[in-house]
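Read the single chain below, which is given as structure tokens and is the form predicted on its own.
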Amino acid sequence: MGGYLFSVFVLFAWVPHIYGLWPIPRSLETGSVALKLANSFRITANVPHPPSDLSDAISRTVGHLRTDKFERLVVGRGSADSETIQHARELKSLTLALAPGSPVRSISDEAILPIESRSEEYTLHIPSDGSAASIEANSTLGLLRGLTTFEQLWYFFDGQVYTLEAPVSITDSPAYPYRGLMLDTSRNFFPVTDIKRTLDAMSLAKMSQFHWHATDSQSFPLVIPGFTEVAAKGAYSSLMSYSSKDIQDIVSYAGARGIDVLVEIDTPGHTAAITESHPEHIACSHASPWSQVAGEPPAGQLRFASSATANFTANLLTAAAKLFPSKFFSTGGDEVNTECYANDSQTQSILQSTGQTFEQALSGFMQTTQGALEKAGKTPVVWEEMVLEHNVTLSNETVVMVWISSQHAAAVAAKNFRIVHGPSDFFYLDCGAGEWLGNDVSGNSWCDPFKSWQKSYTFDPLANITPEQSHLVLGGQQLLWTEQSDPSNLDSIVWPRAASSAEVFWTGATLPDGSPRNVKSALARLHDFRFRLIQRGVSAIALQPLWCALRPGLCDGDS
């Protein structure tokens, strides 16, 4: 398949009423013939010794086709299709195959390959005459992406699972390999079941990266072998921590759904929770007023100028790295408060005795900790300040997450670092909920206003990036900082908004017909995606009244 999978795909009839496909494939043809799934419908993997997670993915798809029972979002919810369905031909089988010469690896193994090496492309064909449908790919990960698309083509009415758009022919691949969601589990704790449900929703949107902001000043819930005392004293409780078994469960669950888990242990800032077990390593611990020495309470940062602290941190990160098979590992690096260290006598004594400046000591800390991660086979990931605000030496392989402003990506690219977009002015899911500090009656969130799905959908990954720098853009993610979120509102805060960026970074700038990606044509499909999430137990928030969802376009401002 290799050659033709990337060839130019000529569209003979692109039909804009494929409401269910999210993200929309980059190339497709559809018809207007009805097909229904036979009661005996089966999916066969024509793959030698198919990996168990591919077999499991097939079983999940069959299960979804039987249990989603999702009626079309039209007036009457598909009742007008009834007679057409009765006379429709039956599709009895779907065959999955790898292109000749493709290696047979598990989906989980494919999902954690170096990001430039991952193969997610696939082709999908559904004939209109009832003969076997097919998905072909260069990897099991690509087969999984194809299965996800296949699931979204079908609707339910009166006991029948059907489509009105056969034949279907799709050639698809992501515009960017990094399509992610970040979840902060430190400020508020999220049980494994909530994380798994989030991973299921991510997989439906073909997202590839779960950025797990696991620790922060408020709590340290990761139980790290050799450093178990940090979570024992730094987690909210023993019931609000993630054991090695929990971590393995999350990583395995994600991998089977084509998702790589990038863990973040933020350093040297945002580390007050370590005070409870290792006060010797923390400067300005619980200082008051906290606002003078920290971005939010409680105050506390690693004494990075101390060689003992640097070695402690390097050893802790090395131990944590063994729990996560991903090639990526984030050490954070945001919001390092200089006033904290200016007021810390131990830090000042070390700087004076060694003759180092603040930046020299910080650079030494970064080289020690990131060097340990690279020795462990990891690619370091940092927030943008380490590149744009500090004079530290970083590996050329370092990936930089842009968060403060979308305007900062160009400056990172100018320094020749790879970029993951996560700017607060487009992708922060927590913005617009009001101030969370207890004594601020009229305050707003720092990143107001609320970031709607429409706003994030308009993001341009290559804005202010030169053509020569475009290869540095790995993709992007939406982020949920959880000062005001916990399991009770996780689904409604994240979904379906987070899916908007999934299409930005999968489909790219243009739709299959060559027109620019646009909010107007996206809404009906995002409604469809949201209702599918609801059918699968994800409490995604409504985008509009149901009246509007059933009448695409009639609730547009210019309708």
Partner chain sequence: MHSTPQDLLDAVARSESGLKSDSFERLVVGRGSADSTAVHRALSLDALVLSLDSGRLIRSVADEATVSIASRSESYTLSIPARGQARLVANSTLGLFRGLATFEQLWYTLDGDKYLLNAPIEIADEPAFPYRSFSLDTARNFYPVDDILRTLDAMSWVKMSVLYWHVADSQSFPLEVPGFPELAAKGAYSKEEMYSVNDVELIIQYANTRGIDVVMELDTPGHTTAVGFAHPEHVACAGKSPWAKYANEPPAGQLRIASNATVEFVKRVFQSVLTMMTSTMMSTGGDEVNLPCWEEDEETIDVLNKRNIAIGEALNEFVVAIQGVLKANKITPFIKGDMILTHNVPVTNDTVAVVWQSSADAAGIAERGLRFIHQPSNYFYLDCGAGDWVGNNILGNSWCDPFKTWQRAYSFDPYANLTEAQFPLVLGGQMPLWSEQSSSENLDSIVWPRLAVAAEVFWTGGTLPDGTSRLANNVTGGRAAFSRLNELRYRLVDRGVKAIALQPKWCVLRPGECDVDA
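Quick caveat, the model's predicted, so the values are computed rather than measured. Residue numbers count along the first chain shown, from 1.
Omitted from view is the form predicted in complex with its partner chain, to which the following refers.
For the chain shown alone, Asn489 is a contact residue for its partner chain in the model of the complex, at least one non-hydrogen atom being within 4.5 angstroms. At a distance threshold of 4.5 angstroms between non-hydrogen atoms, Lys520 is in contact with its partner chain in the model of the complex. Although the partner is absent from this view, Gln454 contacts its partner chain in the model of the complex, with a non-hydrogen atom inside 4.5 angstroms.
Not displayed here, its partner chain is kept clear of Glu339 by more than 4.5 Å at the level of heavy atoms in the model of the complex. Residue heavy atoms within 4.5 Å of its partner chain in the model of the complex occur in exactly one stretch of 125-133, 100-108, 478-486, 160-168, and that stretch is 478-486.
Among Gln248, Ser395, Thr458, Ser277, the residue placing a heavy atom within 4.5 Å of its partner chain in the model of the complex is Thr458. Contact with its partner chain in the model of the complex, judged by any heavy atom within 4.5 Å, is made by just one of Val47, Ala38, Val62, Ile534: Ile534.
Along 255-273, no residue reaches a heavy atom to within 4.5 Å of its partner chain in the model of the complex.
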